[in-house]
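Only one chain is shown below, in structure tokens, and it's the form predicted on its own.
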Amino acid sequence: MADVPTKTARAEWGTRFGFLMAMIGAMVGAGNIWRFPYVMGNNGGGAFVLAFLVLLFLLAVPGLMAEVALGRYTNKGVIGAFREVVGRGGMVGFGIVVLLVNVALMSYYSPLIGWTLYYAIHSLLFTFTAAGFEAETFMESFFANPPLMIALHTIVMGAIAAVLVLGIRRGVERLVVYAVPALVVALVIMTIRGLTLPGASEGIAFTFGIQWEYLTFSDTWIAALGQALFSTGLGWGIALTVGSYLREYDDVPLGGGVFTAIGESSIGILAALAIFPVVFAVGVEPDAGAGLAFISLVQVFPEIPLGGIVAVVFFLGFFLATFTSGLLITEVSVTTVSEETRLSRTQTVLGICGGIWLLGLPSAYSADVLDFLDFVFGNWGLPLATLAIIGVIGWILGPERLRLLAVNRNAGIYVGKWWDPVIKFVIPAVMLFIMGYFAWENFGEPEMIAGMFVIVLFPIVGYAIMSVVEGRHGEPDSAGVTGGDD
């Protein structure tokens, strides 16, 4: 860290559209294209969509506003934002917690992006419509080839590094302003094709028809809650980082909250519309589970006219969704580390991407490791990170102060006092509920033990690191190069 702070000009989003596409690109990923349809299929179709939308706008939208506003208020990455609020000392270590969870998440998300890349390549080769193709055998042979999965993981992290090295405007923004609209176009094309198939009306009825009894099931609401939080990435540091690059006149409530939620939920519903008419048209069960996209849907393509083209459209869109979200997840660590050290952006990108690549090798080697880590961090690590960010806003900075100084500044819609208790009490209580619920459901299981390990170890490590670092230097370092490349 530096004794004499020197700053370069901080990068900013070039346009409001670029900011919005960055937010949606970060939020729209496997959670929308892969997870949303199969969770929906397991929880009553339209009833799940209704529960999801209710929880999305009651919890996720206010939380996203808070996280984006914290980034705007501090104009810093995760650790710098925490330092700005709590002052120097060990409490800044809760920013380390968010960073550790973020890196862990990306370490197993990168191999998943590799899966979508592999399927996208084979869709271009028209493998799925070739004579004698068997979807389950194809996936099993893929998972039985660790060198191939590691190679794909390597390609993904290399591609992410290549984009991030270019910076915020020339790299991230330039990609997302094309990738997100391309994803939407791909899903629309697939939806139109699906609606022309005989029997597709059953898929529409399943997507929008509400089986009211499902709204009385606690499992439906818990699944909807998990989807609302997972698909928006609330509290992962992504919205904070994106918000830190906002321009003076950008809008937090609309751009960072409402429009983002509408965009990402619309893409999730559009993915369901793209998948279920096709699925119902050939008689595949909609509750096929996690294999809906990679096994069940792949079996459908040979059965429909122009199935090979439909496969290309779907899997290229799927890859774009996962890649853009992986890009923004990685940017969280890049922004933070570049601010906290004297490393250039290029050095930071190479270091972060190299570290994630190394940590991701076990998940790339084995899909079972990936599933285990996803369950542990999805149910304990990510709620812990959300609790850290929303907790510091609600209980230290103060939601009223943030609302007046950052949320409502140049806002297109006014956010009233109702927002304060949601941030201070409701969202933290929900995070504690999620961690407690899954601890109870998995009591004594290896996943639960690993989750408790994360909850205890990460805060201790973060507090210890920042106690030493902050105590060793009289002033926080501001020497990072975050914007000079743009």
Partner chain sequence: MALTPAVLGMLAFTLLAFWGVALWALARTLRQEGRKVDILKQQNRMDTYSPKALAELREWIEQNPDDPLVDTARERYNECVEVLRQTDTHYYDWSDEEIARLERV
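Residue numbers count along the first chain shown, from 1. Here the structure is a predicted model, which means the values were calculated and not measured.
The discussion below concerns the form predicted together with the partner chain, not included here.
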Candidate spot Ala161, Arg169 and Ser218, all three touching the partner chain in the model of the complex (heavy atom, 4.5 Å):
no
Taking the partner as it appears in the model of the complex, which of 325 to 333, 308 to 316, 394 to 402, 152 to 160 has residues with heavy atoms within 4.5 Å of the partner chain?
394 to 402
4.5 angstroms heavy atom contact with the partner chain in the model of the complex for Ile267
yes
Test of understanding: in the model of the complex, would Phe208 fall inside 4.5 Å of the partner chain by heavy atoms?
yes
Quick one: is Gly263 in contact with the partner chain in the model of the complex, heavy atoms, 4.5 Å cut-off?
yes
At 4.5 Å between heavy atoms, is Glu340 in contact with the partner chain in the model of the complex?
no
In the model of the complex, the residue from Met435, Ala450, Leu53, Val422 with a non-hydrogen atom within 4.5 Å of the partner chain is Leu53
Residue (of Ile295, Ala179, Ile204, Leu197) lying close to the partner chain in the model of the complex, criterion heavy atoms within 4.5 Å
Ile204
